[in-house]
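One chain is shown next in structure tokens, namely the form predicted alone.
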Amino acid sequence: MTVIEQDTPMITVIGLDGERLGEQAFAAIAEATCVAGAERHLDAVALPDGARRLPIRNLADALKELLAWEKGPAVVLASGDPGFFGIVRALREQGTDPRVLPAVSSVATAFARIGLPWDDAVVVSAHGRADQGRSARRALAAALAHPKAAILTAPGAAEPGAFLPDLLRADREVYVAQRLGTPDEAVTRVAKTADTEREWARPNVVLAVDPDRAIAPAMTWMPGHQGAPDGWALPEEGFEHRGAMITKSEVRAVALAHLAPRPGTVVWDIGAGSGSVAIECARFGAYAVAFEKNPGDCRRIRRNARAHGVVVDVHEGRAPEVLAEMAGRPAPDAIFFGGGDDAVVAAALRHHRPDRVVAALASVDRICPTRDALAAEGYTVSGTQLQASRLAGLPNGSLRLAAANPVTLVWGVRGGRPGGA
């Protein structure tokens, strides 16, 4: 075994999971002149006589005092694996080089308690210090877009109650794992009739599992979301559609660049038709919502989503009225208008205010009203007309260029450059 030689560290980070500490951890605590951690962690171990007890209530203040400590070795106590969404990152960001003695992470323990593998799970943290509400929205969007997810919650705007209603509405099996590794440990299956606003013991982890896809069909090669799909701007033949009611692949490619779908984002496809744009966004890891007034097209969208191995939340109805169903649901980061008139565009922008908007327009008469609606709501606006000519064969074996109908894309970015995705 190769051991990395280093000087005796001034700070040792020890993970706690309720099990007996190892010899290295016992020795580090015995030698410590300062021990930092949450009150529950400090109460869980026997501190050496004379050691400074440093409760971590405000992380920045505690780190400042810890890094200024010069009276001997220090120990930081943390939950589970402190290198996994834990304090090790904060210490390294401050320039220190701690020794780390991890325990089993809370996510691994939570999935073990319900008897599921988690190498195919998305793990998201709602511990955003600057904007916890935004962190919670991103975590929820990622969990809704993936069949198996763990959410590391936080006091405040990221309590379990911020996630449970939407996860249950999406037909997920939902569990709240509380105080893992302690005598008060409890893992609760949350039923649809349960009071999702109840108080949960801290710390806790929320697990959300699609029961139909609880086990990935094949071993994944990378934990969680698998990155960018194998290809995008897929050919029209890759989707079931009604006649020519589908966004052409060349148009879809440019639209995707400006919608910027990725894990943690919510994308709405209004006037979805075949759902090709929503499905492509879902393949990038976004939580995609499709709005379509035609019942047959709604059924097609669901079939197309299943064929591509993604979930699209489909809402049947006429916009803008159907958009009212989304009150209290995750707000869109981006909206694609494949259908709908000027009133639909104006209403969606006014009430939902996404960061990015893309409209595909076949009629030149709609270009100026769409641009003006975006500008009136404070978007930086740009656009382009796309007219693709595809290779096609002639009877004599030679080639010609077959022109497709032109489509104008108008897009807007709130607080950003007009051309960048």
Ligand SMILES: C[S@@+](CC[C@H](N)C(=O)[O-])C[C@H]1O[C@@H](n2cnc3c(N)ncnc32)[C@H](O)[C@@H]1O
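Just so you know, these numbers come straight off a predicted model, no measurement behind them. Heads up: residue numbers just count along the shown sequence, starting at 1.
Only in words, not in the display: the form predicted in complex with the named molecule, which the text now covers.
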Mind checking whether each of 334, 357 and 380 has a heavy atom within 4.5 Å of the named molecule in the predicted complex? no
None of 366, 52, 40, 353 but one has a heavy atom within 4.5 Å of the named molecule in the predicted complex; the exception is 40
Just one of 304, 196, 249, 79 has a heavy atom within 4.5 angstroms of the named molecule in the predicted complex, so which one? 79
My question is simply whether residue 177 lines the interface with the named molecule in the predicted complex - judged by any non-hydrogen atom within 4.5 Å. yes
Taking the named molecule as it sits in the predicted complex, is residue 256 in contact with it (heavy atom to heavy atom, 4.5 Å or less)? no
Close approach of residue 205 to the named molecule in the predicted complex, 4.5 Å, heavy atom: yes
Touches the named molecule in the predicted complex: residue 232 (any heavy atom, 4.5 Å): no
Where does the named molecule sit in the predicted complex: which of 238 to 246, 269 to 277, 196 to 204, 139 to 147, heavy atoms within 4.5 Å? 196 to 204
